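Starting off, we have a lone chain in the form predicted on its own, written out as structure tokens.
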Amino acid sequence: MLDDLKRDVWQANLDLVTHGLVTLTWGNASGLSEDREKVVIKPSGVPYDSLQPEHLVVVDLAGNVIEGSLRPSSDMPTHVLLYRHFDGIGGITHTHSCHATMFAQARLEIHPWGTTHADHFFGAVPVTRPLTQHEVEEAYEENTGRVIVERFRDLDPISRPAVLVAGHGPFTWGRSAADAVKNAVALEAVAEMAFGTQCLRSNPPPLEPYVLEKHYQRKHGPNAQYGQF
């Protein structure tokens, strides 16, 4: 079942390691089937150096395992909830990459100080509110997804394909698992740049809105000019 998607998600998980975004087994990637009814996700706690496509777990959008002998990632309820609420996404990653996690732990948004940020994220990368004690004790991973959805109530998840869960770490998403990995790489890069910028100047000026608009739209807008045609 879903052999091509399993291979894509397997490769996405390995790519998180290749890009230095995962320590030990602190991360996972998933992908959504074309019919938007099934999710392929990394199994819980399996080391990346022994991970194979056949180890991946298939679940439905209620979180029920429909194929696989291993337990899915403990973050699976977060993934499936985001797939149910964010139209147009087909892949999700979760990591504890160093600089993005610093911002999550500090409970600070990553502001667009420069054009590198604007090339990938149309505005600040938002941070969620902290989960309540009740939310942690009852359905913690599902409620993690709920606070992300809550934070995006008035935001576009397509133009800002990343979030920082307060006290926890980053999630990213995209059109596919590979696209979600790309956004995880970009997020860690801009987080490191933002950290350095704020070390050099505690209150740096924001990027001018018209520059933000230009850089985002030339890569992602309806008349995108970046790359080959």
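We number the residues from 1 along the sequence you see. Computed from a predicted model, the values in this text were never measured in an experiment.
A second form of this protein, the form predicted in complex with a further copy of the same chain, is not displayed here; the remarks below concern that form.
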4.5 Å heavy atom contact, residue 206 to a further copy of the same chain in the predicted complex: yes
Contact with a further copy of the same chain in the predicted complex for residue 136, defined as at least one heavy atom pair within 4.5 Å: yes or no? yes
Partner proximity in the predicted complex: residue 86 to a further copy of the same chain, non-hydrogen atom cutoff 4.5 Å: no
Although the partner isn't part of this model, could you tell me whether residue 33 comes within 4.5 Å of a further copy of the same chain in the predicted complex, counting any heavy atom of the residue? no
Tell me, out of 147, 158, 108, 124, which residue has a non-hydrogen atom within 4.5 angstroms of a further copy of the same chain in the predicted complex. 108
Within 4.5 Å of a further copy of the same chain in the predicted complex, do we find a heavy atom from each of 74, 168 and 186? yes
Taking a further copy of the same chain in the predicted complex, which residues along 98 to 131 bring a heavy atom to within 4.5 Å of it? 98, 101, 102, 103, 105, 106, 107, 108, 113, 114, 115, 116, 119, 120, 130, 131
